[in-house]
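In the form predicted on its own, a lone chain appears below as structure tokens.
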């Protein structure tokens, strides 16, 4: 009989079903608040992290990316794709998985699905940023783009920023109907709208989250009045934007990692001498966020690896003492580290 794997061979794996069970067990708003707090804590220690723009492989139909980072003790990466055309084929636009490892040994500590987790961490990051940038009395958010991310955004802004009303718009009325249906019973006043102009009526916060891989103008300059906060999360690759350039010229712009956002975010429309502020500096108290009631603040978010690192570390802690994971025999661990071949040979015994 071949020898059984040692304890060191096993790595906790969180499947899609495990992730769904964990979210239902804890409650989605609880998870969103906890993720926001975890991400905010890591933004406060931003300078401790290795930082690099994601490694992207672009094609005519989408992008596949690796997003790595480390705080010196733990290492994490996410594999993620972005294929807008997938929706037409009945497939997800975004799929992902991620891994967390011990820097001291290089051994993986967690393998997890990240399609759901990315949706949760993206929404939590948006609302965490709004907590620092949006008008303090904001109660209404316009959600333009009602695809897979929209409900997560709405619930995150409710749980973290205290909104009570969401106005929904998508060029596809079926998407708006889907989002409105899914948000029933979650304590929000949901208002489906028939145009972007109608959607932003009375909203103090505007989230844009569209999928088309092109330079688009979801919001024009004349649509944006003073004092609003814009959460632009749809732009995430070269050549894909959602806002008219004139809106950027009137806004105080906050970003995650400039080297990545200049290539992928709304600010790819601007000269690189244009002033921007890194969000971590606001959170750490090194820079100011909203300074006046009439200021337009813009979070030009493209997603960054530290947010995924925070999410993976949260999941690693949250699953302890639960049944929401499986131990995978994932690492070769011979009795003698120098005898990997002997381990292979004895496995047939």
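Bear in mind the structure is a predicted one, so any value in this text is a computation, not a measurement. Positions refer to the first chain, counted from 1.
Omitted from view is the form predicted in complex with another copy of the chain, to which the following refers.
Contact with another copy of the chain in the model of the complex, judged by any heavy atom within 4.5 Å, is made by just one of 224, 175, 196, 276: 175. Put simply, of 269, 182, 139, 252 only one has a heavy atom within 4.5 Å of another copy of the chain in the model of the complex, and it is 182. Listed stretches are 158-166, 67-75, 253-261, 226-234; the contact stretch with another copy of the chain in the model of the complex is 67-75, by a heavy atom cutoff of 4.5 Å. Put simply, residue 59 is close to another copy of the chain in the model of the complex: some heavy atom of it is within 4.5 Å. Interface membership of residue 151, defined by any non-hydrogen atom within 4.5 Å of another copy of the chain in the model of the complex, is confirmed.
Within this chain, residue 245 is remote from the site of another copy of the chain in the model of the complex, having no heavy atom within 4.5 Å. Put simply, residue 48 is far from another copy of the chain in the model of the complex: not one heavy atom of it is within 4.5 Å.
Contact residues in stretch 108-140 (any heavy atom within 4.5 Å of another copy of the chain, taken in the model of the complex) are 108, 111, 113, 115, 116, 119.
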